[in-house]
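Listed next as structure tokens is one chain, alone, in the form predicted on its own.
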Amino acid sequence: MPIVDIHTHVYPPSFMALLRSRTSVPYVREFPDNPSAGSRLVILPAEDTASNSRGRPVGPEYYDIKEKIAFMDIHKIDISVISLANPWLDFLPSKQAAETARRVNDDVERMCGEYPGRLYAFGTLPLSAPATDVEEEIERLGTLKHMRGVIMGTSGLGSGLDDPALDPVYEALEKTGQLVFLHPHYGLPNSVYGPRASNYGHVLPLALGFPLETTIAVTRMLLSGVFDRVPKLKVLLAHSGGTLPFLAGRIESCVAHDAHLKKEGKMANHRSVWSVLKENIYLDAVIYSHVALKAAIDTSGSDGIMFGTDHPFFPPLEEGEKEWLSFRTNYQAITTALGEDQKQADMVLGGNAMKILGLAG
């Protein structure tokens, strides 16, 4: 059974050119007075400070597809389903978004074509464009050989994933059978981390902010009835669903005990959180722990979990280190969580993705 990485990012040349042309977030920042700092990718307002320690170093592993293939070869990954990483195209003016989406998606499709059988992709939507442009790009993505769905952040059209204006987008995705890879970007407000948060690098926003952002976004989808209105919509959640596997029961209990919801009759005919998690939602295995992965498996079933690495983020910090800790811990979490059930481990490592996404190695 092949190993398939479904959570792995790339910033294609056209997108890098866009970021390098900008002077406000998001952009690639250079330091002419300190060349050793290198180029740094600044994608959050809080990173946009005078310190060159802000943002993150951005090298060829972010945009050179040969680096992706080299990473795959070192770690014996047979197939990768690549996607543009945050902030996607959410920041673009409406008139520019559709054309940029076509250019970026064509760039990614070209990259996949250079390595037949090894690369597939999730496309990027022009969510700041008019709804008709978004729907047209969904239709077009369905005609591209290597596309298997779309990646989307939690802001949707700007008002969150429970925005009724997104229904035509969800319906177009359902109609074309394209999966939504839902990925966080904004985290939580910096104030929640306390006045000394900057002392702790990126740990608090990445370890806590991202998973909670996903949890909140999907819970809003559930409460607003997205999965009732679009019952066959399929969603893949990054980072094993944030904290949803752990909090699903609490969400259900709070719904059942909410007097306002009961009075309004808003949840009377809604599907349960557990039903949606089993029937509409897939989870990646980017969780770094067999304890947490067991919760994900118990929630969505082992047939709904797919391996990922989150490359090129979380690189080795030691010079000359070849194997990425992020790969090893996610791989070991799968083999440990499933114990002696090698067949199920193989399915999580690759078989599920082959089936769910219709891949051919």
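Start at 1 with the first residue shown and count on from there. Bear in mind that the values here come from a model prediction, so they are computed numbers and not experimental data.
The same protein has a further form, the form predicted in complex with uracil, not shown here; the description that follows concerns it.
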>> Whether Tyr170 contacts uracil in the predicted complex should be assessed with a 4.5 Å heavy atom distance threshold; does it?
In response: no
> Does at least one non-hydrogen atom of Leu44 fall within 4.5 angstroms of uracil in the predicted complex?
Replying inline: yes
>> Does any part of Phe314 reach within 4.5 Å of uracil in the predicted complex? Heavy atoms only, please.
In response: yes
>> Please tell me whether any heavy atom belonging to Asn86 falls inside 4.5 Å of a heavy atom of uracil, as the geometry stands in the predicted complex.
In response: yes
> Pick from Lys66, Arg328, Lys294, Arg56: which has a non-hydrogen atom within 4.5 Å of uracil in the predicted complex?
Replying inline: Arg56
> Of Ala131, Leu144, Leu206, Cys254, which one comes within 4.5 Å of uracil in the predicted complex, counting heavy atoms only?
Replying inline: Leu206
> Should the three residues Tyr120, Arg148 and Lys234 be counted as contacting uracil in the predicted complex, with contact defined as a heavy atom within 4.5 Å for each?
Replying inline: no
> For the chain shown here without its partner, which stretch in 36-44, 298-306, 317-325, 331-339 has non-hydrogen atoms within 4.5 angstroms of uracil in the predicted complex?
Replying inline: 36-44
> In sequence order, which positions of 181-212 have a non-hydrogen atom within 4.5 Å of uracil in the predicted complex?
Replying inline: His183, Leu206, Phe210
